[in-house]
Ligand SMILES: NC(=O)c1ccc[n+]([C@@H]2O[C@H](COP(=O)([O-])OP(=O)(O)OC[C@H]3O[C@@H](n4cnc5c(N)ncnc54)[C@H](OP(=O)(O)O)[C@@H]3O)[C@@H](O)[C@H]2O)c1
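Listed next as structure tokens is one chain, alone, in the form predicted on its own.
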């Protein structure tokens, strides 16, 4: 199976190197194209560097890893070259199957990885149009397991799904950045040590919950004993943070809708 990646930004680069690193695709069957060809110098070690049209003509799975504003241009460029039966994979969740079909009517999937793919722990979202076969789905899933778990969702849930897995590392980082900065006001513990303490505790708490099948409520109950110190803190979170969380999703989902309307 030949796999091609169009676009060598952060996600295209990550997929190319992970597929190679995990042995998912041998170098002879891995193809890459980028508009700025110089950026692909290092990629020549692990992939065939070709034009977008040549890539589309030989690959069984073609990943399009470009900005929403550029995807139509790419599709126009490859539509007459795309290999018969090839699966087109868009990494733009905001670009609908309908929009893609208006330019290129073919088997199409949308894939949304997470930044955590860099350590093989992505919760990768995927959805398919009605032309995709079970064999196509199996082949794509096998590829994507090289970067983590794969979650299939209907197209209309990909927006919220993206907030929960693709955007979430940014949300989590910003929340704990605020917490660490607040903690610094009340202690002489070095700043870098505060960050390490919080990160290690955050990571361990997630692993604990997954391994022990614990809910958020289970953890709060275990730590926040009635009348204790932790309970005072959790009361503040449950009282004041819901409004912020609601606003976060309102803003990001509205931005997603506006982005989709422009493609």
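Numbering follows the first chain given and starts at 1. On a predicted model such as this, the values are computed, not experimentally measured, just so you know.
Keep in mind that the form predicted in complex with the ligand is not shown, yet the notes after this line are about it.
Novice: Within a 4.5 Å heavy atom cut-off, is residue 53 in contact with the ligand in the model of the complex?
Specialist: It does not: once the ligand is placed as it appears in the model of the complex, residue 53 has no heavy atom within 4.5 Å of it.
Novice: So in the model of the complex, is the ligand close enough to residue 91 to count as touching (4.5 Å, heavy atoms)?
Specialist: Residue 91: yes, in contact with the ligand in the model of the complex.
Novice: Indicate whether residue 33 is a 4.5 Å heavy atom neighbour of the ligand in the model of the complex.
Specialist: Yes, contact at 4.5 Å.
Novice: For residue 11, is any heavy atom within 4.5 Å of the ligand in the model of the complex, or not?
Specialist: Yes - in the model of the complex, heavy atoms of residue 11 and the ligand come within 4.5 Å of each other.
Novice: Tell me, out of 100, 87, 144, 112, which residue has a non-hydrogen atom within 4.5 angstroms of the ligand in the model of the complex.
Specialist: It is 112 that has a heavy atom within 4.5 Å of the partner.
Novice: Would you mind picking the one in 193, 133, 73, 81 that has a heavy atom within 4.5 Å of the ligand in the model of the complex?
Specialist: Exactly one listed residue reaches within 4.5 Å, namely 73.
Novice: Looking in the model of the complex, is the ligand within 4.5 Å of a heavy atom from each of 7, 39 and 66?
Specialist: Yes, each of 7, 39 and 66 comes within 4.5 Å of the ligand in the model of the complex.
Novice: Using a 4.5 Å heavy atom cut-off, which of 198-206, 219-227, 234-242, 58-66 contacts the ligand in the model of the complex?
Specialist: It is 58-66 that comes within 4.5 Å of the partner.
Novice: Enumerate the residues of 159-173 that have a non-hydrogen atom within 4.5 Å of the ligand in the model of the complex, in sequence order, or give none.
Specialist: Residue within 4.5 Å: 166 only.
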